[in-house]
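Take a look at this single chain, the form predicted on its own, given in structure tokens.
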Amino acid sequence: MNVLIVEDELRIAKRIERMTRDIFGSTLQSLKHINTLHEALRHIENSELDLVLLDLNLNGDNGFDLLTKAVSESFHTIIISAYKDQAITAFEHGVLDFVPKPFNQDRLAQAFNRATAKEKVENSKIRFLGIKKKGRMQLVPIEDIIYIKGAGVYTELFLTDGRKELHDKSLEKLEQLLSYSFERIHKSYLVKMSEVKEINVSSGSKYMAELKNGERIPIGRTKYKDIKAKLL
């Protein structure tokens, strides 16, 4: 696990660092602390990370400036902040968890477990997925996404207007963040269930989900019964 702590208060950063080492133990490969927004942005662009722990107030800079960049990357982001009133907005942008200050090791371990155990975020409030677009960030509303296809370590977002956008997060990470309105119907596909018109069975017992836009998406054999039940 490669972890970055972005926190401007040294005392709190040291505490997070100690707890992180205790929780991850030997599975922790690297742990770095950065206390400024700009240095954190540079580090993110040049490092392979699994998890970023981000404060929302960095020496007067707004952590959301970093958050919009972070959520478009391949790693998960956990907010550790005293600004509880910004939790909903943070979840809307796709963070894995929001740990309010003050916190203890049990609460931090709970947040880390969501990352390592690949738990789905309960009551997901995510409204956007951040994507990189010609050197800038663009927020794609969740309501505009019909389905998502795995593409190696990346994913492809298929949108209601016919566009296809590339996202840096894997299908497994997006499955954690998205609400239960999206279902993993195949090892390579996440589909918004409200977009499924019907299920077809073709020769060879191949199951296909026919979407409202006419596209057909394969359904995994082990997923068929669950998906069928949710359409009834």
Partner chain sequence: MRHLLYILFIFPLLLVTSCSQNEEPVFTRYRTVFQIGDQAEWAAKDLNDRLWGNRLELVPDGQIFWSRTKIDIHKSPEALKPYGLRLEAYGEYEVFWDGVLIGKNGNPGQEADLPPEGELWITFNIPTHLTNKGEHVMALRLSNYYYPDHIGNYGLRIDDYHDLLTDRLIQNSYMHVFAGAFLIASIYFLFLFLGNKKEYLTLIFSISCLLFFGLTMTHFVRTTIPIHYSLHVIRLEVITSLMFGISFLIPLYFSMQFPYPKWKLFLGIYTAVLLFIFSIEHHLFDLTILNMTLILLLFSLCIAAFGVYKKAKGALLVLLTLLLCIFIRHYVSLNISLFTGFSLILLNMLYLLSLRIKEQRLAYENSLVQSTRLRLELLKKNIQPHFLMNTLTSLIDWIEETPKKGVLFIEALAKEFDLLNQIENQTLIPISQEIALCRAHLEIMEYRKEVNYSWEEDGIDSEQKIPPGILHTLLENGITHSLPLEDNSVKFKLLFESNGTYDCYTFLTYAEIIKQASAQRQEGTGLKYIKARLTESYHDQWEITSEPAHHGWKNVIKIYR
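Please read these numbers as outputs of a predicted model, since none were measured by experiment. Residue numbers count along the first chain shown, from 1.
One more form of this protein exists, namely the form predicted in complex with its partner chain; it is left out here, but the text below deals with it.
S.K.: State yes only if every one of K125, Y147 and Y180 has a non-hydrogen atom within 4.5 Å of its partner chain in the model of the complex; otherwise state no.
M.R.: Not a single residue of the candidate spot has a heavy atom within 4.5 Å of its partner chain in the model of the complex.
S.K.: Mind telling me which stretch in 126 to 134, 98 to 106, 154 to 162, 68 to 76 gets its heavy atoms within 4.5 Å of its partner chain in the model of the complex?
M.R.: After filtering at 4.5 Å, what remains is 98 to 106.
S.K.: Could you tell me if R15 has a non-hydrogen atom within 4.5 Å of its partner chain in the model of the complex?
M.R.: Answer yes; at least one heavy atom of R15 falls within 4.5 Å of its partner chain in the model of the complex.
S.K.: Any of the heavy atoms of D8 lying within 4.5 Å of its partner chain in the model of the complex?
M.R.: So D8 counts as contacting its partner chain.
S.K.: Closest heavy atom of H38 to its partner chain in the model of the complex, within 4.5 Å or not?
M.R.: Because a heavy atom of H38 falls inside 4.5 Å of its partner chain in the model of the complex, the answer is yes.
S.K.: Mark N200 yes when one of its heavy atoms lies within 4.5 Å of a heavy atom of its partner chain in the model of the complex, and no otherwise.
M.R.: Heavy-atom contact with its partner chain at 4.5 Å: absent for N200.
S.K.: T27, N46, S194, N59: which sits within 4.5 Å of its partner chain in the model of the complex by any heavy atom?
M.R.: Contact residue from the list: N59.
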